[in-house]
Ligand code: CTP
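Heads up, the chain below is alone and in the form predicted alone; it's given as structure tokens.
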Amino acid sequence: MADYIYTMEIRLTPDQMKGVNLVQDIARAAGITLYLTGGAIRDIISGFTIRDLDFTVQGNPLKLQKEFDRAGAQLAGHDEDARTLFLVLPGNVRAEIGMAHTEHYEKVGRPPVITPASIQEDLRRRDFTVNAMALSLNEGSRGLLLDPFNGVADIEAKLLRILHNYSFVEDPSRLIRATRFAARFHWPMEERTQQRYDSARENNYIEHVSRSAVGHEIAQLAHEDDPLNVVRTLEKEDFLKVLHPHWTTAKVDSSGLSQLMKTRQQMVDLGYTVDPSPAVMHFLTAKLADKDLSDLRRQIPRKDLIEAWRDIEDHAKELAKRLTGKEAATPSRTWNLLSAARPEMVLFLAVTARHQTVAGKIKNFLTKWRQVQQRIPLPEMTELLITPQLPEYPKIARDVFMLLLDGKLRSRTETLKFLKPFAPPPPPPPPPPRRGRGPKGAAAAVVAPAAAVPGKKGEVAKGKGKGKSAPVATPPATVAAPVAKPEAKAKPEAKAKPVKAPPKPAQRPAKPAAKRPAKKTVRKKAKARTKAKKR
């Protein structure tokens, strides 16, 4: 069994994953069963861009509105009939939370009768198999994928398949959706689905599409990766005029839209999270009359998109004015201003700016000034112990970057000269090895080794007294002792007193040891003495 929770975690952005956890915690606290459904599951499995999060609960999500407000989510709209909340979760994550329900169409063109239902019944009323899947986010079944119509297989086969023969009849907006999906994914329709699609077009079922469904399809255009291609496909199928009778590709700013998507990708590569939807709607409707724009906006269910679309030009003009003033008099000030601005405004202004100074500063911000960061001498900073572990490291690195931008540090030598005062003092050297006294036994062993006597080296001398042997401790200077006569009885030797170790044996020069006579010479002399006495 595939681990869909793991797939979800690696496919969602960090902000989207935080949004999933937030909705999950609120639903769990309210005791409501929660599922991630629809397009989010499709895009997680297929690998396409995850535009928003669709949740389905077995209950009324409108009761959770206060909890979402406390958690920092913004209400972007709601559908009272379908009991659906449109939210903007923290991190600018778009989400939709709907009630699990069934839809019964009494007549073509009439709104459906909505009834609360289980998640299994909710999946049966959906449009395509690739959208009729749900991932459980509940304790005990978390990670369980519900796929009653084998949508995963159709994703692998890259096919669009309706759930039943009357799909396009019951909801004609699915004709627009099928066209949009085919243009986005480049997936063909399954054979039976294509036949039903052609039949619905010939019978002009699209005339019965509801106004709310049209508004939903208009809003979806703003989040396409290639909106121009989708609009052209809709116009080819005569569905663009369904969204608005005066809307054609001739009313679209094609060049501006293409430049917008290129700049957006450039900003994404630089690490920015940009929502281009307001700017996309601006270029898609650039040549429409004001009255037509008002009609389009009234149909869109998400109020956050409408407000951002309406205000984008005013916000861009304000930012352009600041870029031509004292606030952006130097490259470093311009950098700080554009870094603090909303990425959506920078994106829109990068395409629409007509003032040469404004356009040049934004271009430098996205290209030339990024290369200045490579001039920061990071290896030399490491040698100076100026590393990220220092609390003041971010400020030092930023100050160096700002000075490089303004041209106040023109060479590596000047940069290092600026950095040296910030280098922390080097760590103290390690303590020297200790030279104090060692253990008494070890010192005595070094100073007074065992006495050498005739016999094997290192053996102790044996006395005859009581038949016991006593160790002889003799300093190195008295190693050569006189040999006792064999006739005389050796007196038992007294135990040698331990010799005290000198105060500093390591520093005291060692006395040269007395030269031992060779063993053979000693033995010959002893034999000669014995023979002389016998005579």
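Residues carry their position along the shown sequence, with the first being 1. From a predicted model like this one, the values you see are computed outputs, not experimental measurements.
Below, we turn to the form predicted together with the ligand, even though it does not appear here.
In terms of contact with the ligand in the predicted bound form, the residue from 335, 181, 205, 247 that brings a heavy atom within 4.5 Å is 181. This chain is displayed alone, yet in the predicted bound form one of 126, 361, 297, 196 has a heavy atom within 4.5 Å of the ligand; that residue is 126.
Interface residue remark: residue 171 is counted as part of the site for the ligand in the predicted bound form, having a heavy atom within 4.5 Å.
The closest non-hydrogen atom of residue 275 lies beyond 4.5 Å of the ligand in the predicted bound form. With a 4.5 Å cutoff on heavy atoms, residue 263 does not count as touching the ligand in the predicted bound form; it lies far away.
When the ligand is considered in the predicted bound form, residue 84 lies well away from it, no heavy atom lying within 4.5 Å. Figure note: of the listed segments 340-348, 229-237, 134-142, 172-180, the one touching the ligand in the predicted bound form, with heavy atoms no more than 4.5 Å away, is 172-180.
Contact here is defined as any heavy atom lying within 4.5 Å of the ligand in the predicted bound form, and by that definition not a single one of 121, 147 and 161 is a contact residue. Taking the ligand as positioned in the predicted bound form, the residues of 32-48 that bring a heavy atom within 4.5 Å of it are, in sequence order, 38, 39, 42, 43.
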